[in-house]
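Take a look at this single chain, the form predicted alone, given in structure tokens.
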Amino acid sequence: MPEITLDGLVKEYGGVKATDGLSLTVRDGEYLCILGPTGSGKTTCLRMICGLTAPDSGKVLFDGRDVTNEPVSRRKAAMLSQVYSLFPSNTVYENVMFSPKIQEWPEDDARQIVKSMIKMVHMESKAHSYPRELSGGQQQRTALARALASDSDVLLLDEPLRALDARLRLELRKELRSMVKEMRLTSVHVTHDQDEALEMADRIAVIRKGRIIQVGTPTEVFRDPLTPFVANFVGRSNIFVGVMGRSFDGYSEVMMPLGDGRAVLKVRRSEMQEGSAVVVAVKIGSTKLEKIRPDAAGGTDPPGYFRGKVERILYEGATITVEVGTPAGIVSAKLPNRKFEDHAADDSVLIWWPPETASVFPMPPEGLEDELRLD
């Protein structure tokens, strides 16, 4: 299966850059998710790989071969979108037969590949059913079989699970990845759903404003974000602004204004200059709360701790989210649901986290508000 290289792709629509020097390598046989907000250039990227959209500049290469100006038919790339576009008057079998038929494959070869693809997606019992007789998941699998029956080496997935209900999406994530891996295809799956990307991808490429800003394994992107945007977009984070303090063997300190005073935040060790403006990001799942006893309401909090008051508790099944009001804004903590009875509105709590879970970044030149914006 081919390695795909995107080299400096630029595409403008009416003076607006959908991609802006986008560069990315998708490894041979890799399942790569491109993750980004709406309007970040995800679909445009897929269309340029497939050949449906020509870049204004830059190159698309398959195994080092420049295919930028080659037609769709010569790229052996199939695209599956969130709108399955099955032919309503054709059965499952006839829908999957579409590509072999228009390519004029020998009849025996066409039958064999179609039966093989229908079996691959576990639709044998529905082979003679029409789309109106299928569930959303069955329609999705039929569309996937049709895409795979084109004998493609590259599978491009444009939010293929978005139209499905939540439970079915969860079931099909593993099933879709398993089928694609079994066929050893090079796959690019675009989504705005971080959970989907984290669960399905070999690697994740985070895209923003038409540029790839970080590529790594799900663990790397989640735990070691390169920018405040990535920290907040891939796994919800609490964001704080402060001034870089001293560094020690296992951690650094950040001084954060807090009401009439300040709090000392402990973060992972950083070499940033003392006194420089910084942004701290802590995943809400790493944020810890300790209830303050009434007889310990006064006093000075130790470094790494600051205080707040519980405003509300959101029950989410396996977890709860506790929202705490502080002079620095709302701080959220995601906790196991067994902690539901441990907290109540108006409780005073200490907020802290393990220093290694707190990422620290230089203050973005354009300002924090613009850095975190999703457009």
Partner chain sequence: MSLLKKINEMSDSRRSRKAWFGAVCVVFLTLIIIPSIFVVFRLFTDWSSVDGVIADGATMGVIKGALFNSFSIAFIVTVIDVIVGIPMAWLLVRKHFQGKRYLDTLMDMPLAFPTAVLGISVVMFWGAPEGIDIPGLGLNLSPYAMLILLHTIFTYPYMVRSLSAILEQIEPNYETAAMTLSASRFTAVRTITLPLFRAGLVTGFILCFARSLSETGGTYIALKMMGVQSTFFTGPTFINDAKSLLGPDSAMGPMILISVLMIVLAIALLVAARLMMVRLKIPTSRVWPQFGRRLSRGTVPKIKDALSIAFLLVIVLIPSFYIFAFLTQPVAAVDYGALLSSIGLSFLVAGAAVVFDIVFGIPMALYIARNRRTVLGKMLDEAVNVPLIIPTTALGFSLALFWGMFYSGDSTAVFTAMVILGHISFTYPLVVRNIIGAVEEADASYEEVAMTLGAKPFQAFSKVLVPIIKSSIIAGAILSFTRSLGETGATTSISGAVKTVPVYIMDLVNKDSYAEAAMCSIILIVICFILIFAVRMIINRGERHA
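Each form is matched to the other, and the largest set of C-alpha atoms that superpose within 1.5 Å is called the rigid core. Numbering follows the first chain given and starts at 1. Please read these numbers as outputs of a predicted model, since none were measured by experiment.
Only in words, not in the display: the form predicted in complex with its partner chain, which the text now covers.
Peer 1: Among 198-206, 270-278, 144-152, 178-186, which stretch has residues whose heavy atoms lie within 4.5 Å of its partner chain in the model of the complex?
Peer 2: Of the options, only 144-152 has residues within 4.5 Å of the partner.
Peer 1: Is His128 close to its partner chain in the model of the complex, meaning a heavy atom pair under 4.5 Å apart or at it?
Peer 2: Flag for His128 set to no.
Peer 1: Give a yes/no on whether Val310 approaches its partner chain to within 4.5 Å in the model of the complex, heavy atoms considered.
Peer 2: Judged by the heavy-atom cut-off of 4.5 Å, Val310 is well away from its partner chain in the model of the complex.
Peer 1: Flag Ala54 as yes or no: does it have a non-hydrogen atom within 4.5 angstroms of any non-hydrogen atom of its partner chain in the model of the complex?
Peer 2: Residue-level check for Ala54: yes, a contact with its partner chain.
Peer 1: Do Arg47 and its partner chain come within 4.5 Å of each other in the model of the complex, heavy atoms counted?
Peer 2: Yes, Arg47 lies within 4.5 Å of its partner chain in the model of the complex.
Peer 1: Go through Gln194, Ser81, Gln138, Ser286 and name the one with a heavy atom inside 4.5 Å of its partner chain in the model of the complex.
Peer 2: By the 4.5 Å heavy-atom cutoff, the listed residue in contact is Ser81.
Peer 1: Since exactly one of Ile113, Leu172, Ile239, Leu86 fits, which has a heavy atom within 4.5 Å of its partner chain in the model of the complex?
Peer 2: Flagged contact: Leu86.
Peer 1: Could you list the residues in 54-72 that come within 4.5 Å of its partner chain in the model of the complex, counting only heavy atoms and keeping sequence order?
Peer 2: Residues within 4.5 Å: Ala54, Pro71, Val72.
Peer 1: Look at Asn90 and decide if its Cα position differs by 2 Å or more between this form and the one not shown after superposing on the rigid core.
Peer 2: Yes, Asn90 moves 2 Å or more.
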